[in-house]
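Before any questions on binding or motion, here is one chain by itself as structure tokens, the form predicted on its own.
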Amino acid sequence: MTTQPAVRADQAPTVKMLLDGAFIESHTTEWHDVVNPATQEVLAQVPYSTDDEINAAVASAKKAFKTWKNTPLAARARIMLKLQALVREHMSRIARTLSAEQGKTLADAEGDIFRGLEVVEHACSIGSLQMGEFAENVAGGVDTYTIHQPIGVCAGITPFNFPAMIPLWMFPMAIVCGNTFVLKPSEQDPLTPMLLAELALQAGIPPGVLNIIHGGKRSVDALCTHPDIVAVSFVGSTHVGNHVHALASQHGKRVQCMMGAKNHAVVMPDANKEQSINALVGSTFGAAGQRCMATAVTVLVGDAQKWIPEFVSKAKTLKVSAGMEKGADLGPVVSKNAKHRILGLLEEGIKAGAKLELDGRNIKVAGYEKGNFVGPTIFSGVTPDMTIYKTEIFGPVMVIMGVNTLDEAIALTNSNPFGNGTAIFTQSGAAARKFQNEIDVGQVGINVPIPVPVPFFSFTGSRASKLGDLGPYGKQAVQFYTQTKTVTSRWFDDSSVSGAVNTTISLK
């Protein structure tokens, strides 16, 4: 959000906006380069939408809401059915675009799309998800029931690390609930969300129901303060999430913010060694560590501390290359600034006295010498006072800590302010049960390194990783994107006698 916009370059294609059902050019004078992080090739230029363009997007959504909110549930569900079919049909094309602009391997890009696709599929069940409740004869001739109605124009602000999954977490659930939506994707990789928008229009989403604008902090602030937007959903860094939550809340909006993390995985000495090491190496270094559910801290308990050489050996087998290259396990980080930040944190770790077990700082990838590559890096001997422990590195870095007991591991995890996800690796049911009961983290994995729930459930990060009470998908998303209205009704027979005036609130 602090990236300086570039001057418009005539040779680069432009990223369009989606306003009122049409893809249109911006009239802005501020542009940002969309760069392939493996080659530094400028793929396109994305506009920083003007105030007039942002206002036009919101106005289009507000107008469309008047009719869209009354669209039958079945009609909304059929659009989601069509959208999921189109996303499946075009998955390879979307994955190639995603890999080019974000850097992920093709396999990881397809995984990004698929996890979003699961939410679209869940949205097809809106007929049952949006049902209310009914109680007959709660008093004499009185019935009470609830209905879940759409709330209006909603906005979504999405990060660079999941340019397919996070938009698909947001706009399908909002729209299928009867709302209209304004999306602001990351300016670092907007091409993937625009492909999804094309498919959304093909699926039958009417003009104005989905709009897309672009930009940085100014665009974010405009959405958070616009009087016609009623709800804001955000995924991204803790710093920006705190800003979004405070600003949007001050302007009377519903807000949900999924933010940073420092996820701990506890490895007991009785755990299956090979499975645990494979799982944690994959969850730490996959996507070059650029995911809020990555395993940032591996906590080895007791004799499991002897496994450090095996972690290093396994990490050395990973292939670092451009995401498009066959067999690549992790690609570059998203930008030169991101690489510079990561390398700076690694230097701080070395100066603080952590032991550098595996050094990924000077990795060279043949044919991609300009790429933003950081190789798998492992520190051991890390203590809670070190910056590399306290800070979300958001890169391919494994921080290893050692403790003597499960109680110490739980206390260490609970003392960290973040609460997105955690995991325990063990073959003891008693240890697993104790862990899930005593750990103060919203999402828990048992022999599962990245415990992101399927969309039948809700994403339930906690503490400093989340602001707002409701998660971005599942049943909680339906609650976030609807207003519960309670109706109490009494119908009298024509032959009934009204009797005396009742001046109390009692209904007998």
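Start at 1 with the first residue shown and count on from there. The structure presented is a predicted model; accordingly, all values stated were derived computationally and were not measured.
The same protein has a further form, the form predicted together with a small molecule, not shown here; the description that follows concerns it.
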{"property": "Stretch in contact in the model of the complex with the small molecule, which is absent here, among 357-365, 68-76, 154-162, 113-121 (heavy atoms within 4.5 Å)", "result": "154-162"}
{"property": "Candidate spot Trp169, His243 and Met259, all three touching the small molecule in the model of the complex (heavy atom, 4.5 Å)", "result": "yes"}
{"property": "Close approach of Ser99 to the small molecule in the model of the complex, 4.5 Å, heavy atom", "result": "no"}
{"property": "Partner proximity in the model of the complex: Cys292 to the small molecule, non-hydrogen atom cutoff 4.5 Å", "result": "yes"}
{"property": "Touches the small molecule in the model of the complex: Val382 (any heavy atom, 4.5 Å)", "result": "no"}
{"property": "The small molecule contact at Val176 in the model of the complex, heavy atom, 4.5 Å", "result": "no"}
{"property": "In the model of the complex, the residue from Gly402, Gly236, Gly375, Gly286 that sits within 4.5 Å of the small molecule by heavy atoms", "result": "Gly236"}
{"property": "The single option of Gly395, Gly215, Gly208, Gly349 touching the small molecule in the model of the complex, heavy atom within 4.5 Å", "result": "Gly215"}
